[in-house]
Structure formats: C-alpha cells, structure tokens
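What follows is a single chain, given as structure tokens, in the form predicted on its own.
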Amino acid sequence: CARAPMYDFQEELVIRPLHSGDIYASFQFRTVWDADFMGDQKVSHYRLFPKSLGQVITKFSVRELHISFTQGYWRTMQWGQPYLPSPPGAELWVWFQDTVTDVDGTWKELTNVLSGIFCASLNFIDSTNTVQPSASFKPLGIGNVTDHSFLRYATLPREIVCTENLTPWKKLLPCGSKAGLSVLLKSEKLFHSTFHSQAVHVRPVCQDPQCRTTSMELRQTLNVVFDLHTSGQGKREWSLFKMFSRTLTEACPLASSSKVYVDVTDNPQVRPFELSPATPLLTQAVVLGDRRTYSVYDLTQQASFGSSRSLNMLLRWKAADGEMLRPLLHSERYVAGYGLQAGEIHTLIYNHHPYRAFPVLLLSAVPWYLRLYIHTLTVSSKGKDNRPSYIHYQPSKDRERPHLLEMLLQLPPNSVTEVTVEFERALLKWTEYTPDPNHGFYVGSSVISALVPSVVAMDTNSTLDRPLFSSFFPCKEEASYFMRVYTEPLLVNLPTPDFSMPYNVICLTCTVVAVGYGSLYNLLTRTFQVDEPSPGLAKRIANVIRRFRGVPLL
C-alpha cells in the first residue's frame, strides 16, 4: 500500500526589545507536508495543510507563492532589520511551473481567487501594476529556475489591512485561534500597534541534505511592533498580557514544537532589563549576520507554565539601553520638484560597513502615468558617478504596463549612493481618477536585494534543526547573508481637473431647459376661457328673492 504522507507543524514566537523602548514580536507557523504538488499525482487528502491553499496550488500549477499584507512602515534606523521584510500595503509574487502555457491568464485568475480567500483587493492587480523581474526575485525553495517568464510580481501600496484579512489568515492554522501561540492574535491589540504585517509563504523544500525527497512548506508569519507610548502607556515594562491581553496556557496539540524566544543578547553584560519568570534554557542563533542569545520557553513542557498553569512573561527595564548599532544596509526614497508637470525620484542607498563594499540589486516599478526620462538616470556615490554593472529597463505602455527598472550597483564602504531619474506626469481621463484624486496616487516601494557581509560565519546547511526565524532565506555562503530592503512608497499628485464643473454645468443646463421648455409647453397646451365678472351684492340678493318668488332671474 502507498505510504501515508507525513506532516509536521511548528510554531514560534520571538520577542525582541528595541532600543527605542518599543517591542517587536514575530510569530512563525510552519507546516510541512511531503505531498507532491508539482507531480502528476492528484492530492486529495489534507490534514494539517489547508485545503483551500492546496487546491489553489494544484489548479494553477504554482511552484512558489509569497503574499504579505502590511500596515505601517518599518523604521530601520530605529528598530534595526526585521526577520522577514515586507512593503506597506499588499505584495504578491508567484513562480509558476513550466507546464503553464498562458502565464498572464493564470496570474489573473490566481489573483481573483486569492482575493476571495484573504478578503483583500487583490482583484485590482492587472497588467498595469504587474511586472516580470529579470533578476530580483529568485526562488526561495529548491530548484534552479532561470526562465523568469514564469515569474510575476505586483504590489498594491494603498491596501488597508484590517480584521477581515486577519480572520482568514488565522483559519489556515491547524489549531486556528483556539490553542497554542495563535490565542495571542487578538485583532483589537494587533491593529492598535505601530507596525503590523502578516504573510503567507508556500515553497518546496528538501527533507534531507542530499535533497532526495521534497516537501511543500507553508510558512505563516506575523510581525507586530508595539509602541512605547500608545500601547505601553510610556512605561518600559512589557508582558504578554500587556501586549496581547492574553496569556499562554498550552501549546497547540498538533505542533511538534512550540517555543517562545526572548532576545537577551545584551542582557548578560549590561542587564538593562529583567526577565521573569526566568528560564534556564538558552540558545544561540545566527540571525542577520550576527550571533544572538535567546531565552527559550518550551510550551510542550508543563514546567514552563509553573503552578499557575499560565505563562505571562514580564520584561522590566532597570537601566537605559546603549546606542543601537546602525544597520549595514538601508534605503530612503522621495519625490522632488515643483508643479504638476515634471519631477524627480530620488533613491538613497546607505552602506554603513566601514571597509567592505558589496553589490545590491535595485528594482523599481513605476506606474505608466509617470513617464520616466530614462536618459536622465544618474547614479552617484561619494560625489562620483557609479556606473551600474547591469541594467534591465522595460518601458511602459499607456494603460497597459508599468515601467520596470533593475540595476546592479556596487556600494562603496561607508557611503550613500543616490539614484535619480526625472519623470513627467500624464493627464488621465476623467474616468480614470480615484474617488479622492486630490489625495494623490501611490507608487509602490522599490526593492533592494543584497548579499551583506556577515560578522560571524553563516550556516549553509538548511536541513539542520534551527529556529524558524533564522532559516527562511537560503544561505549559500558563510561570509554573507541575504537581505531584502523596501523603501517607502511614494505619494504623487497628478494634474486633477475641477470635478465640480460638470455639476455646475448640469445644474445650469437643467435650469435653462426647465425655464425655456416649460414656458413653451405651457403656451402650447393651455386652454383660454372668458370668465364673466361676478354680479354685485344687490344683484345677488335680488336673484335670491326672485328665486323664492319663482320668477326669472335678472
């Protein structure tokens, strides 16, 4: 008989105190199923893997799927680098299998189906905001795919994330929101935060170092940053109940691993905060090129809950933190110029490494109504021209596709690289404006992908048992690690007509028609009759008397 498919489910929560006084919480839920979605065999039996996603992957021949919904912007200079970056709004990029013949048609159908699954506006993704990157988004799973015609990438920077997006996301979990770490996902607290991001990643992974067998991995992530003043009432004292209004009482019964990590890297030397209840379990992990120390609470062990059968970790600051180390790579972007005809897009890329230069790959997707003058493209570092070693540019077509610009740049050590390009604003048709055109039009975030030099040796074996938050991006070299950085989305004003003029014209026209046509119609249809003047009072009295007497009236 055929071997039954194997399942595995893990859940993790990482809590990282930030130097700004805020606190960063990252949830990771990983479901692995050794079913072959990419083969000819039909998959029909689901247990831990959500059936809704499994059917979508099978029907549309999806190799990899990555989708995120983010509210707020990640402040790199205040919070450092996130475990899993994401741009504001909605982001979707998909690798299709090479058996797909009509990629654009399949992409359109897939976005409509995902829009219904996640209760989002993904149905607004069309050819005008979809690009086909040539180098930026490599597969994160197994397989060396080089044909980028099966890749599609799109963003909706104006997408609003709310409870209606969180509810279907939680339903994909094996335990839902009934047990385990998911009981902390209370919408009232999550959306009362400075930053909130939820994502779903589906990809094929290896089961052994030789990669003789493969599995399908579903990773659901949720990142949230609670502000010191709005959520913490100005006190540098955090607990699970203060952050989520709930505590942990049990692990998910279907999870093989359920752990809570608290970053205490700086605590043994400086001891800026006190962690209670204390745990003897400590572990080290290489995260973002640095070796970090974590206190571990294993929820599968009953001793972690204590006598109260409830886990409510408390972090109380005793002293101010030291200065945060600047991230090695971060970026900014803004629009310059005046008027509503022309402007410039400036992208600043910072390399804070004191002596190492490294290359970065910049991707910019600009809507068609901002007509780029690509001959004005300039790249400078330290006051000198920085010639890109690779440029891929696809011009836009009005109302059909956006601009796509990809460049491979070398960032000198301890430098700021500025990328500038001029554009001209197009005049839209009056039916193409949004309901609030004076608010402006959004331009999606630029994407920067780089192999950043690592402080410690990275682990290149992806099959070892490591924390989930340190094993998402594949690592091929020990001396560097992969990082993806998103810039701010842009808000650009376009020439906007006076939409009150049609209303004024309609009112004036209706008034003229009513007065002119009404008068003419009245003259043509009215009938005239001669009314005799009414008799006087004496005559009326005489006629009354004559009527009583029976004689003719006057």
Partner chain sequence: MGLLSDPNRRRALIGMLTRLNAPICMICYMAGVAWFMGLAFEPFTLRTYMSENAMGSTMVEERFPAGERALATGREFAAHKKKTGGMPVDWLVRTMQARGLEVYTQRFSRKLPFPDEDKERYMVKGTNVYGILRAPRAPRTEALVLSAPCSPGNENNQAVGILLGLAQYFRSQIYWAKDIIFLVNEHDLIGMQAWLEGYHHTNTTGMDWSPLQGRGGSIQAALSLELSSDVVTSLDLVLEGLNGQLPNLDLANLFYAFCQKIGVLCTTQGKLPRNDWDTTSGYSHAVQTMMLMVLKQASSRPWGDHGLFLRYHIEAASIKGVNSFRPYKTDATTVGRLLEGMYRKLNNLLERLHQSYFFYLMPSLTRFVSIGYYMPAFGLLALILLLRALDLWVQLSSPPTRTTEDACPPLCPLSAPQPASPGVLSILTPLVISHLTGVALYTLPVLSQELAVEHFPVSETEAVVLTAIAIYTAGLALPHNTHRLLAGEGTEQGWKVLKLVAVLYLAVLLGCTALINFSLVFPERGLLVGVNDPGLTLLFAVFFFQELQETPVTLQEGWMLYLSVISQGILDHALYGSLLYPLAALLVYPCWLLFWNILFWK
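Please read these numbers as outputs of a predicted model, since none were measured by experiment. Residue numbers count along the first chain shown, from 1.
What comes next is about the form predicted in complex with its partner chain, which does not appear here.
Interface residue remark: P437 is counted as part of the site for its partner chain in the model of the complex, having a heavy atom within 4.5 Å. In the model of the complex, at least one heavy atom of A336 sits within 4.5 Å of its partner chain. Under a 4.5 angstroms non-hydrogen atom cutoff, its partner chain in the model of the complex has Q78 among its neighbouring residues. In the model of the complex, N493 approaches its partner chain with a heavy atom inside 4.5 Å. The candidate spot formed by L282, Y294 and T511 is out of contact with its partner chain in the model of the complex: none of the three has a heavy atom within 4.5 Å. With its partner chain left out of view, the stretch that reaches within 4.5 Å of it through heavy atoms in the model of the complex is, among 328-336, 366-374, 168-176, 113-121, 328-336.
Among the residues E237, E424, D227, E432, the one placing a heavy atom within 4.5 Å of its partner chain in the model of the complex is D227.
Residue Y350 is the only one of F273, Y83, Y350, F150 with a heavy atom lying within 4.5 Å of its partner chain in the model of the complex. With contact defined as any non-hydrogen atom lying within 4.5 angstroms of its partner chain in the model of the complex, the stretch 99-127 contains no contacting residue.
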